[in-house]
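Have a look below at one chain only, the form predicted on its own, in structure tokens format.
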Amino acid sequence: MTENLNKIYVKDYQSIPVVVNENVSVYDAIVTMFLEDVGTLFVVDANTYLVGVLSRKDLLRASIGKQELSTLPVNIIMTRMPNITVCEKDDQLIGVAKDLIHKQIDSVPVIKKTEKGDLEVIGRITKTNITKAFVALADEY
């Protein structure tokens, strides 16, 4: 089974990322998260490169305060690089699963590095993606 686990890659189970611009309001980010039915939003700059991550906790924390959510930009409350765990499409899925457990996070962006070293978001891996992979692996036996 370990041998088969090591043959499962991020690219086989990644899903479409949900991204917002760093200047979007916290209110609009909450609406996006609700409408897209996701627990994490990836924040990109004007060049669509990854600059941050927004979790449900980040948005909840912001909504408890006295700030005006429709004018507060998400770049004020997001988690920034280098505090973001990322993966690439050719990474083993088991390694990403270990990162999710160790760091107690719900998802990671799948990135592609540009020539300049910027990070382009090309997908996401969530706990659900990993569960699907393990169920498929179990069905093979």
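The structure displayed is predicted, hence computed values, not measured ones. Sequential numbering from 1, following the sequence displayed.
This protein has a second form, the form predicted together with adenosine-5'-diphosphate (ADP), left out of what is shown; the following refers to that one.
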Could you tell me which stretch in 104-112, 65-73, 22-30, 90-98 has residues with non-hydrogen atoms within 4.5 Å of adenosine-5'-diphosphate (ADP) in the predicted complex? 104-112
According to a 4.5 angstroms non-hydrogen atom cut-off, is Thr48 in contact with adenosine-5'-diphosphate (ADP) in the predicted complex? no
Val53, heavy atom within 4.5 angstroms of adenosine-5'-diphosphate (ADP) in the predicted complex: yes
Quick check on Ile84: any heavy atom within 4.5 Å of adenosine-5'-diphosphate (ADP) in the predicted complex? yes
